[in-house]
Every structure is written in structure tokens, then in C-alpha cells.
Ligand SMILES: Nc1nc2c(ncn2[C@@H]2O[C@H](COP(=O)(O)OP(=O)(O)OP(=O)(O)O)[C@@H](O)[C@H]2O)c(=O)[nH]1
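Just the one chain here, laid out as C-alpha cells, in the form predicted on its own.
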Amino acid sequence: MTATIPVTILAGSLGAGKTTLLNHLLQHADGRDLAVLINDMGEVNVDAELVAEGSELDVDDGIAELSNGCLCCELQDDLETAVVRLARSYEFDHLVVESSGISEPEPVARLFTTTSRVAARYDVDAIVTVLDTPLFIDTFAGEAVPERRTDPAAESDRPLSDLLIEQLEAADLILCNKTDRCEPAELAETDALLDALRPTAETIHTEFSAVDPDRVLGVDRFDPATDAQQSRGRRDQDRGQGQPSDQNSDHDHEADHTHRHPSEAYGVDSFVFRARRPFHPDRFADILRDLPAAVVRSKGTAWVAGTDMQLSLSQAGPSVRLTATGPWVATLPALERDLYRSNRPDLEWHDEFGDRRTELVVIATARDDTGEHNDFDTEIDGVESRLRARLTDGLVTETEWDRDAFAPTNSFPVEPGEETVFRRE
């Protein structure tokens, strides 16, 4: 009988550092052959592109991507198809599934543990939750034990803090990331809160998601029986019942846990901004320093006038950074450019601008942390229209386009790997 393939499920809030962790694991695999499946709620899977660029893997060659939804509900069938296809098409030692920041990890794990064609090929090794530690402290510091603020089975809207709790409650391993931005006393309080919330999980402190792969892969920490029992206990407690139910662990997800689309359950939605014209460096810097509070996450590729560097945007809450990932292919010498294009036939190319473009995914919420809002659809539409207008106004005008030179004046990164950090007060 063929040995099953171990699976690591990465969970965590938007911008916690899951993709950074995934890239780190790929770059330090130490002889492991990894396959990855990356889920993004937006229509453009930015994370899959970043992982492909940062590793020797290609999308559709050891990387599977699922976009425009979450793995724990509407993409379940697609997830099953994708992981079966990976097992049939490629030889690898370990599968890493990166779920989107608005996915619940337990339903994803359940696909690999129930009697299905997926479970016959895979075994869950661990659920790893990457924690944005400063965000966790800001949200829960001073509380006895963090807990959900609404009933998950109720029709009322749920704040994102509820989702964070669910991601932690399911964890076998918690990476407390961004610890360089925390005081020692804050880290001690975080450890105490996590120990009360999820005492069976191992906790590791990280900066930029850097961790020894041996502490994350092949750890065999997932226990489906224990996790199912704890899940039933939490759900019964949420219903106000004193004792866990007697339901079988292979219960139907919808039967005991109302799961709505993220835009409905957590007040989160996304849109994509595209442009084939560069940003004015001054106006773009102003936009990054003053993003609306409703924007909880944004990421993607930016074209800024005055630099030949492709800039990667990553924003999570108040933290915004631009990283130079390398020169635009269109700016390379002709021989090098043509060679690169021949090796990347799928590279999107414009007759005039080549690969230079802006493509940003913006994830926003119109709800405060109590879960309240007036009219979600109206509010989200308003956030999108205002930010789209401001981004459009930030592009170089026709008059500016005709200038001979355009030097950025806001210390944008100019060498591969360089980073500029923007922070709102």
C-alpha cells in the first residue's frame, strides 16, 4: 500500500505572515520535496505568484492555486480535486496548504480525515496558525481568556476577532509572528493567553515567520479524535449547552456550524485595481500613508514612475511596505529580455509597456469589531469607489507622462530586496 502524504495546513489572519512562512519553508526545505496549495479570497492569487517567483516551483507545477473564495466553504470541491490532481501528477514528500486569512482551518482539515478519496492519499500532520502578535495583543490584552464575541450559529454578523479565535482554537502549533514589534511583557501576556485558550498547542516566537522547518514539518501533532471532541465541545458551549454532544466526529459541516460566505459572516470583501500607467511617486506615497481604516489587507504589484524596479506591496492594518522584487522585464537589455520571455511564455505582455503594470488586491471590511454596520454592501461599495478614485488620481497624468525624467522623491526601494516601510500614525 502506498504511504500517505503528510499535510500541513497554514491558517492565520490577513497579513499575519503565512505566505512569508511558506516561502521560508520552500527556501529551507533541506531535501524535502514540497508541493503547495494556496487559497486567496480575491480574484487574483497574489500569494501564488509570489511563491512561484520566490522558489523553483511554478504555478501548475507543484503549486496549485484556488482563488475568489475560501477553502472552508465554497471551494471545498475544488480543494478536493486540486489535491488529488497533485498526488497523481507529481512526486513530493509533503503538502502545505495555505488557506486564506478568512478561512476556518477545521473544515479544511476535515476533508483530509473523513472517508474520501483525499483521506486515502493524505494525512494531516499539523494545523499551524500564524499569529499577528501585535494585532492579538491590541485585540485581547487584559482579557482573562479570549473568546468569541458572537454565536457562530446565529444570524448576527461576526467580527474578525471571532475568526482569529477559531484559527487559534484549531491550532496544533502557533507561530507568534512579528515579535520584534512587541515588548517582553506583551509577549509574556500573549503566551499566557494562548496557553489558556489552546493549552495543547506548541508556541514558537518568530520574526518574519523564520522558523526551523523541522519544527513545522513532520511534527505529527494533529489528532483528529481530540480535535473533533474539542470542536464539538466548543460548539456546544456556543449553543449554551453544558455537555458535549454525542454526534459522530464525521458530522456534516453544515449540520452543526452555520458557515456563510466571508463577505456575509465577517463583513469582508475584496476588489482588484489594475492600471497600465505608473503611479506618481509623491501621490502614491501619500495614499500608502493614509489608507482608509476599512482596508484590512492589500497586496500586489505596483508600477511607480522613476524606477525600473517592480515593487511588491504588502499592507496589513497600519503596517505598509513596498519591496523591490527585481527589474521589470521590459527594462532589461533586449537579449536578456527575450530569453526571459521565452522561458516564461505565460508572462502577460503589453505591446507598449511590456510587463510593467499595477495589479493590487484590496481586502476591506465595513464593520467595526463589535460586528455592527449599517448596510454592508453599501459601505463596501463606498470604500471601493473612494479608494479606486484616489488610486486613479495617483497615476501619472498625460502632462507628467511627457516629461523626460521622473525621479521618485520618497525613498522608494531601488535595489532588489530593498524595502520601504510606511506606517500610519
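Throughout, we count residues from 1 along the sequence that is shown. Given the structure is predicted, the values throughout are model-derived calculations rather than measurements.
Same protein, other form: the form predicted in complex with the named molecule, not shown, and the subject of what follows.
Heavy atoms within 4.5 Å of the named molecule in the predicted bound form belong, among the stretches 286-294, 341-349, 96-104, 190-198, to residues of 96-104.
Put simply, R321 is close to the named molecule in the predicted bound form: some heavy atom of it is within 4.5 Å.
Contact check for R181: a non-hydrogen atom falls within 4.5 Å of the named molecule in the predicted bound form. With a 4.5 Å cutoff on heavy atoms, L25 does not count as touching the named molecule in the predicted bound form; it lies far away. Although the partner is absent here, K299 is a contact residue: one of its heavy atoms lies within 4.5 angstroms of the named molecule in the predicted bound form. Proximity to the named molecule in the predicted bound form, defined as a heavy atom within 4.5 Å, singles out one entry of S161, S314, T113, T307, which is S314. For the options F353, F208, F271, F92, the one in contact with the named molecule in the predicted bound form, meaning a heavy atom within 4.5 Å, is F208. Applying a 4.5 Å heavy atom cutoff to the named molecule in the predicted bound form picks out S13, L14, G15, A16, G17, K18, T19, T20 from 12-28, in order along the sequence.
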